[in-house]
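Next comes just one chain, in structure tokens: the form predicted alone.
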């Protein structure tokens, strides 16, 4: 029997992208899925797709940056399925802009979505996860380990998730629950993906990296393995693992690489 058989999994930001791929993978392994997103149309489309392949699922339209919506999300999940075994905090947005150009509105918006949008669901899900001895997983990125040029506000929120996950792990060690954080590298984007600009509006993404991205399905598989093995932290991609080693052994090499990335950013966006 699959590890995920009859497990109830709530995945924020799961109408598209990595969240959707993870929902499909875990659902095919027997999990009962609670989908979440802000776009009701996209959410219903994904719900129909999952039901069509026999996955037991519901969808809850909720904005995770709003605490009242998170209360509704977790309550609806537990009311429908009777429990909650796994919460995957996947909802988030990326950003572009130099520090001196980023508006106050853009700072507040990305903090609301990327940081509070993981904190609020976790707070409301925590009693249920403790009861089920389950998992809370945060989907982060390499920006959660080092401040990325042109993405300072994004990096701040992802580093904040690292601190939050560490605090949760320490505070709830005795409860025998799993707290994990996944540091993604360059993952395949949806064709219509947009990012938050420096002034706070959404614009089409421009790729700065020509390397072949990790597929959404491979990212989902790594997330599933981390849950099964109850890993505290997982860094994906060769580049990500190399970065982690260099941060410990040669910070100067990382700083050199980041300066090169800044040069590419300025050339691409100016």
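The structure displayed is predicted, hence computed values, not measured ones. Numbering follows the first chain given and starts at 1.
FYI, the form predicted in complex with a small molecule isn't displayed, but the following is about it.
Here the chain stands alone, but in the predicted complex its contact with the small molecule, taken as any heavy atom within 4.5 Å, falls in 83-91 among 83-91, 124-132, 171-179, 97-105. In terms of contact with the small molecule in the predicted complex, the residue from 64, 26, 57, 227 that brings a heavy atom within 4.5 Å is 64. Here is the short version: of 139, 196, 74, 136, the single residue with a heavy atom within 4.5 Å of the small molecule in the predicted complex is 139. None of the heavy atoms of residue 49 is located within 4.5 Å of the small molecule in the predicted complex. Although the partner is absent from this view, residue 189 contacts the small molecule in the predicted complex, with a non-hydrogen atom inside 4.5 angstroms.
The shortest heavy atom separation between residue 165 and the small molecule in the predicted complex exceeds 4.5 Å.
A residue is said to contact a partner when one of its heavy atoms sits within 4.5 Å of a partner heavy atom; residue 39 meets this definition for the small molecule in the predicted complex.
Here the marked residues 16, 154 and 184 all reach the small molecule in the predicted complex, each with a heavy atom within 4.5 angstroms.
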